[in-house]
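Let us start with two forms of the same protein chain, each given on its own as structure tokens and named structure 1 and structure 2.
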Structure 1
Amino acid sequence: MVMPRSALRPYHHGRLRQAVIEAAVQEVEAAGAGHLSMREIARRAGVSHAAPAYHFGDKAGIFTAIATEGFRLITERIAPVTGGPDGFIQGGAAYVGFAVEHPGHFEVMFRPDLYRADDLDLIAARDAAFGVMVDSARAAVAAGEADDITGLVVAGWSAAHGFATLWLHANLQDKLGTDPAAFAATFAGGLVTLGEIARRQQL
């Protein structure tokens, strides 16, 4: 008799699905998203070679899980710091800090060519993260610090993402060091300076 898939669970591994995600993130950090190996993920997770495919189907399924988890983590990281008067700046610094501390997630999150962009869990997690950015920009506009929500979101996101990418690709360590907190603080200060320059030019 053929057993239904649901009857085959749970695996001997108590938290197999999460273990596979964690192993996949480690593999992305070690080899890059373009060289992700299902066999190596299984080895890292300590499970059978078939287990990753069983839970996620293929690489796109694993990348979708990584991206979904990444958007949830970045929301948890950014949301608590965006409520103050400098919330948009602090949110940008938190974004940079997240990227530096979670490079595997960060590499996958903004690569829709890797994952299933129509996955409902991923869409919800991504929209929640984007909503935090929009809300903090809206608060900055309400406080008179800016007058264009969309422009502020695009500029702030681009600056934070670019700054983090430069660091992750080893372009800034020799100039700014390797401390993530100091790195994020440098970014925040630079963003404030850019805003002041922009305001002066508008006067």
Structure 2
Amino acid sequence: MVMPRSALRPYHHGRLRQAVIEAAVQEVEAAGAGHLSMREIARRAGVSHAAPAYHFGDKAGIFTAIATEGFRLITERIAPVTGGPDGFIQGGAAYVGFAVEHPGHFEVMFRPDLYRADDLDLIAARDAAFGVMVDSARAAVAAGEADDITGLVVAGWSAAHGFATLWLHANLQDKLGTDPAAFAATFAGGLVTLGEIARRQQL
């Protein structure tokens, strides 16, 4: 009986798949998606350098798993608040909240060059998230003006997505401070003004 490996660590990790995803998300949040190293992740998880590839195939497989998990998480985050007539605005706030709380997932979700965009689980999760947004937009407008849904969804999604992205990447903090309630009010006021300008423009 040679020195049992189990004294050091078990041969079977047990939950390597989830451990790899967690380590990868941490790495993305700390250093950006570009600096993610499969071998470094394996080191952190205490497994050999080739172990992650068994579960995910390759690097794109890891990113695909992260993006899929991200779309599921954002759906869980948004869906509960989109019930009432103010659901669309609340949903937008939840969208931004998710991006701030899960910057690693958020970054990967919108970098299709990193993952396999034709993955079926990924597509299903993404479509589910989009469906929640459309539903909340539908609930926000009066029953008659249903034609406008697409424009509203895209405008609202763009505003929330743009704000989240700029917040994460472009030092928006310098302009708005760090108090969530204060910048939410500032942003909402800006949306009202922007809508008025756009309406004036249309006439």
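Residues are numbered by position in structure 1's sequence, first residue being 1. Not measured: the values here are computed from a predicted model. The term rigid core refers to the most C-alpha atoms you can superpose between the two forms while keeping them within 1.5 Å.
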Fill in the blank from the handout: Here the form predicted together with another copy of the chain is displayed as structure 2
Practice task
Spell out whether the Cα of Ala23 moves at least 2 Å between structure 1 and structure 2 when the two forms are superposed on their rigid core.
Solution key: no
Fill in the blank from the handout: Between-form comparison on the rigid core puts the Cα shift of Val47 between structure 1 and structure 2, in Å, at 2.4
Problem - Core-aligned Cα shift of Thr186 between structure 1 and structure 2, given in Å - result: 5.8
